[in-house]
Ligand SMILES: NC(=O)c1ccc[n+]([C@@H]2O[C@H](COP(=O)([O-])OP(=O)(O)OC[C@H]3O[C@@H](n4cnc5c(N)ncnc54)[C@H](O)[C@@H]3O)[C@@H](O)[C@H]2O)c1
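Next up: a single chain in structure tokens, the form predicted on its own.
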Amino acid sequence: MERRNFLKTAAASAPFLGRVLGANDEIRIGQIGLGTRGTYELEICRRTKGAKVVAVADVFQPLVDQYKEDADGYTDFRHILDRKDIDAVFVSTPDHWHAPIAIMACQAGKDVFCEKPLSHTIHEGSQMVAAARKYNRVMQTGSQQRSAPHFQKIVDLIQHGHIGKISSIECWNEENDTPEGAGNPPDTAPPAGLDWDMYLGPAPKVPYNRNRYIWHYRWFWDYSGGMMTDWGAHHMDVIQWAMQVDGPLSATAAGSRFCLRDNCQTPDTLSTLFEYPGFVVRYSVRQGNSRRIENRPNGIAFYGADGTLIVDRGSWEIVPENAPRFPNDYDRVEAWLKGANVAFPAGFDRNTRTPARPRCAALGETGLKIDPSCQEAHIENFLECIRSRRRPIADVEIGFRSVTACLAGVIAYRLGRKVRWDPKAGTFPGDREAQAMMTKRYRAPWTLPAV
């Protein structure tokens, strides 16, 4: 059964679990993961009317203790899922924990706000969608750019053809972390109060290393997919949203850890090319040189026939294309090139060969901020959907499609060759190697919950 039909069937028979909330009922929240992102979301929830954080969980006891006066605290997230008085959970853990926790939360009757990238593998993402539909849960992906007014504006402009036919899109992250990168801390005993085995969970058993735990876990394959799934998940989400597509047809990637002398694994230099129906997308990563593309350290550029639209979290602009370089009269052009005195349309400059008018309007804004207002709006949308039971603005299936594109890029990189993807069927047709990389082996006793 194709993925879309399966999801429709699952939704049609979905039971409803959990409390039915009225307009004035307080939404009781459990926060799972108290790193930088988790504490940021927790603080937003604490000041949001109609919501209350009643429990927190993290594998590091000192982080849990910071909230002991205001919320119950646990080092095992399952204690939160066991509680019948909790309506929703925020999953703000490293990527390799997203799917197991989110699926278990759905099965326990909780609505879920799951940070991006939605999942660590394609199969995990498909099962998260299936769980949300089967158990009739609201699941919001933490792609807060969906709630940013200026991203909504540029998507509307693109979809209404303001910059014309788009055949090429660039997105990028450029920075200079040389020479040490994340550094080379030695393996040590875990800090006091850290349950390292619980942190690893379904990932392979390895000694504690600071880089595998604090922030830099993103650059290890056991827990994440590097920049392709970290920042790339934001870029690819906006691109697929604007272009109204579900996924690429193919992906090719090249790069390596060329320039950083640290103990991390994912590439510090990467170029990934995605083919879509009618256009291509290139995602580039440079962590060894900070020369900016389109004068921005990160962003997206949509190259249309009538203009270029460039957007990042602080600004957007449209640079119009000039009118055709020559009139559509090849005889006149040929004669002019040979030195003949040829009449051209008014405004055509024969010396510079440039037109008199642009093809689209030059528009733009600067000085914008995506946080905290957009993150607040994103969380408020999630909370409103808990009450209304509507799909949120970054529904789990949207997050799944976005991370699937990124993971196709990761698979192409790790295989060292082009892979073809069928977005409708959700498979790499005829490619056993790529198909095998849609899943991963879980370390016992952990398994991906059956849906």
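Counting begins at 1, following the sequence as shown. Remember, it's a predicted structure, so these values are computed and weren't measured experimentally.
As for the form predicted in complex with this ligand, it is not shown, yet the points below apply to it.
**Student:** Of the residues Y208, Y276, Y217, W316, which one places a heavy atom within 4.5 Å of this ligand in the predicted bound form?
**Tutor:** By the 4.5 Å criterion, the partner-contacting residue is Y217.
**Student:** So which of V59, V410, A394, V53 reaches within 4.5 angstroms of this ligand in the predicted bound form, heavy atom to heavy atom?
**Tutor:** Flagged contact: V59.
**Student:** Given that the partner is absent here, state which listed stretch (65 to 73, 33 to 41, 394 to 402, 412 to 420) has heavy atoms within 4.5 Å of this ligand in the predicted bound form.
**Tutor:** That would be 33 to 41.
**Student:** Would you check, heavy atoms only and a 4.5 Å threshold, whether D95 touches this ligand in the predicted bound form?
**Tutor:** D95: contacts this ligand in the predicted bound form.
**Student:** Verify the contact flag for G232: yes if a non-hydrogen atom of it lies within 4.5 Å of a non-hydrogen atom of this ligand in the predicted bound form, no if not.
**Tutor:** Close contact is absent here: in the predicted bound form, G232 is far from this ligand, nothing within 4.5 Å, heavy atoms only.
**Student:** For L249, is any heavy atom within 4.5 Å of this ligand in the predicted bound form, or not?
**Tutor:** Although this ligand is absent here, L249 would stay clear of it in the predicted bound form, with no heavy atoms inside 4.5 Å.
**Student:** May I ask you to check whether P117 falls inside a 4.5 Å heavy atom distance of this ligand in the predicted bound form?
**Tutor:** Answer yes; at least one heavy atom of P117 falls within 4.5 Å of this ligand in the predicted bound form.
**Student:** Out of 143 to 169, which residues reach within 4.5 Å of this ligand in the predicted bound form, heavy atoms considered?
**Tutor:** Contacts from 143 to 169: just Q144.
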